[in-house]
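Take a look at this one chain, the form predicted alone, written out in C-alpha cells.
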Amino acid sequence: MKQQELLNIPPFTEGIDRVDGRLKVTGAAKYAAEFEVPGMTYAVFANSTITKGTIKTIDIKAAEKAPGVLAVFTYLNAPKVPGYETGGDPSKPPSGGGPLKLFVDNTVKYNGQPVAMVIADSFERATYAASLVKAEYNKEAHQTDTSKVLDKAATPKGSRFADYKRGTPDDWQSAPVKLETEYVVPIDVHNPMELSAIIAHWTADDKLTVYDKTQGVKSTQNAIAQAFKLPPDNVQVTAKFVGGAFGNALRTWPHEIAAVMAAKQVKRPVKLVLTREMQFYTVGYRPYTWQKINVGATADGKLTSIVHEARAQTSSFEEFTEGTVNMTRFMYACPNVGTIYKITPVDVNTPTWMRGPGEATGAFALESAIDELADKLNMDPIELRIRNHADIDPQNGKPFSTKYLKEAYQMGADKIGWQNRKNKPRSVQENGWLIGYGMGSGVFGAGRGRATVKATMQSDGTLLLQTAVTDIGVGTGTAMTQIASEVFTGIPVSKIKFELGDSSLPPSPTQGGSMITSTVGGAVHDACIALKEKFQQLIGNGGTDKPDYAQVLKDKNLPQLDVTITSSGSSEMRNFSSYSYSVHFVQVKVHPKTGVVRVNKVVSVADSGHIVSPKTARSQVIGGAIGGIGMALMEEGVIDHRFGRYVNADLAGYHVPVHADIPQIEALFVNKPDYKVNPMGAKGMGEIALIGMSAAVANAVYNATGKRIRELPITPDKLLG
C-alpha cells in the first residue's frame, strides 16, 4: 500500500498554473520602479561615512550647481514632515516612517545613514551630484560588534518578553545526561531580486499617488497618511507585483517618507530606487544572535529540562524583537522549560523580520541541540524526537487543532533513505567524499486574521475578486483563484480574475507571517459562498446548483451581482493551539581535504493542512529550503568593526546559493486539512519552508565529519580549523 493511502491523504492534484506567470515571464508585469509618470525626477542619497557622531558641516553647493539638479535636501533645509513633530523626543516613534527620522537634525546613528538627498532630472545626474556632497563630522566612539557587548543585553519592554518558566528549568544540572551548548547566527540580509523602490506623486496639495515596493499597501497607506497628516483615502498606494521581499518590505522605512517629502517640495513626481549596497544599510536584516541551550535528559532519552537563552542585536535608537526562543516552549514534551530573550543596542540600522522571523534563528539552536543530545545518547535523532513528541501543547495544556508531525518524520525518512544513515559520524565515504545525513524540524503559528473581499459576477460570466493584499511572489493570486474555483465549480479558471495590490480595494492584511492563504483565502471562500447564495435567492427554489450566471444576470436585467464580505477566524480557535510543521532531511557530501560542503539531496515535508495550490506550495517549499541552505553554508553580512561598515554589501561578497549549489529538492505534503483554522483546511507554509533547514544541514555536516559547527555559516575554514 502507498504511503499516501496509509495516511488517508486526500487526492493530490497538480493544481492550476500561476495566473500571473505569463505576465512575469514576458515582462508585462509592472514593478514599483517601472511605472511611468510625466515629469519624473530621480532621487539619490549621499550617505554618512562615519558610524556615530554629528554633522559638523555639510557642503551642498557643488551638488546644487550640477547639471539637472532640482534640489538637495539636508537637515538644514528639508521641509518638516508633519507627523515627525512629536515633541522633540527622539526616542518616541513618529506617526509614520519608523523611529529614525531623516533630515531632522545633525546626528548620525549608523554608517550609511542618508545625510543628503539629491533630486535631479535623471538618475545618472542625481548619482553624480550626490557624489559632490561633502560633509565633515564630529566622530564619536562607536560599537557595531554585538559579540563584544552581549553582557549589556536587556529584556525588551512589554510583558510578552518576560522570562518564561515552566516547572524547575535548572533541573538539567542534575540530569543523568546533560548538554551545554552555544550557537551563533550572524547578520543575514534579505537580498531579493527587486530593489526597494518608490515613486511618489502629489496630484494635489492633499492627494498623493504612490507606487511602492511594499508587502502591505494598506499599512503603507496608513503610515504615509499619518506622517503627512492626510486622510488615508487621499493616499493611493499601488504594489501590483513585488519581486521578492522576505521581510524587508514589511514596514514603511524612512527612505519612503523622504521620497514623499521631496516630491511635495519639488512639485514633481520623485522616483527613488535603493542601490544593492543601500539595501544592506537601509531596509533591515536578520540580526546577529547568540544563543545558549542547556538540556537535561534521562538515559533513555526523555527530556527533563531545557533552558534556552538568546541575546540579539538591535539599533541604538529602536527596540527590535522577534520570537527566537518561543519554539522551545512547546515543541517537545518537557516538564521543565525556561526561556530568556534579551536585546543589546549597537550602532547599526534597525533589524527587521526575515523569512522564518526569529523562529529560524531559534530552530537552528534547538534542533542542533536535540541532535547533539541524540549523539550523546547514541540514539537515532528521529527516535529521540518521537520519544519526546508533544501530544498536547505543554505551554498551555490545549489540544492541537491538528498535528501530523510523526507522519511527516516517516514520509521524509523514507524518501531520503534515512536507513542508510549511520549513527557514528564519519562512517560513510564515497569517491573520496564524506557522506552525512541530517534532519531538523520547523514550526510556526497557523492563525487567521481579518480580511475583506468583494466578489462580483459580471455580465459576461467573469468572476472578479478584489482585495488589497499584495503578492511578494508566493502565488497569492493563484491560490485565491483556486479557492474560488472550488466554490464556483461550474466556472472555468480562465473566467476568474483576482485583483490585488491596490489600497483603494477592500482592506487586507500585510503579506507576512504565513497568514495570507488562511486569512484572505478564508474571506475569498466566504465571499464566493455569499455570492452563490445571492444568486440562489434571485433564481428561487427551482434553480440549479450550477446555473448559467451570465444568463441569470441577463434574465434579471442586471449588469452584475456583487457582495462584500469581511471575515476572520472563529472564537473556537481560542480552545486550540494551531501550528504548521515542517521536517527537513538533508544528505551532504564533505570533502575532507578542502572542507567543501555540497548538499547532495533534500527532502522537505510540510504538515500545513490542505494544500490549496500544489504548484505554488511546492515552489514555497523549494524556495525556503534554498534559503535555509544559504543560511547554513554561506550567508553572512560582514562588518569591519573598526569603521562600522559592511565589507560585502553586494552580491559578489555576500554569497547566496546559485544553481550549482542546489540539488534536486523534493517537496512532500501530509495534506490533511485543519478545518478549525479556516473553511479550506489550509495552514501557512511560507515560514516553515525555511525554519529548521539550517539545523538539518549542520546536523548532516556533523554526521559526515564528526565536527560540530555551532556558528553559521558553515564554511571550509571552520571545518578545517
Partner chain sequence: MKQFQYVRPANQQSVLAAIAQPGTKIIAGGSNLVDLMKHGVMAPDKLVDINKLPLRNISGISNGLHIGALALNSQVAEDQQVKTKFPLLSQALNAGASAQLRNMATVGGNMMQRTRCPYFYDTAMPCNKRAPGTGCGAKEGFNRMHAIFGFSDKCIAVHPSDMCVALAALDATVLIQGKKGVRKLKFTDFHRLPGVTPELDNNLAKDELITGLEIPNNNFAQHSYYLKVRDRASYAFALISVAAALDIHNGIIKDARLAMGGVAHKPWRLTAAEQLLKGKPATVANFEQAAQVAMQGAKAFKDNAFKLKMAPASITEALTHAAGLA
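Positions refer to the first chain, counted from 1. Every value quoted in this text rests on a predicted model; they were computed, and no experiment measured them.
Omitted from view is the form predicted in complex with the partner chain, to which the following refers.
Shown without its partner, this chain lists L150, L464, V647, I392 as candidates; in the predicted complex, only V647 has a non-hydrogen atom within 4.5 angstroms of the partner chain. Between the options R574, K157, K424, K593, the residue in contact with the partner chain in the predicted complex by a heavy atom within 4.5 angstroms is K593.
The partner chain is not shown here, and in the predicted complex it never comes within 4.5 Å of any heavy atom of E34. A residue is said to contact a partner when one of its heavy atoms sits within 4.5 Å of a partner heavy atom; Q536 fails this definition for the partner chain in the predicted complex, lying far away.
For the chain shown alone, T127 is a contact residue for the partner chain in the predicted complex, at least one non-hydrogen atom being within 4.5 angstroms. Although the partner is absent from this view, M40 stays clear of the partner chain in the predicted complex, with no non-hydrogen atom inside 4.5 angstroms. Not one of H190, K207 and R251 places a heavy atom within 4.5 Å of the partner chain in the predicted complex. Only one of 595 to 603, 416 to 424, 231 to 239, 445 to 453 lies within 4.5 Å of the partner chain in the predicted complex by heavy atoms, and it is 595 to 603.
Residues from 146 to 179 do not approach the partner chain in the predicted complex: none has a non-hydrogen atom within 4.5 Å of it.
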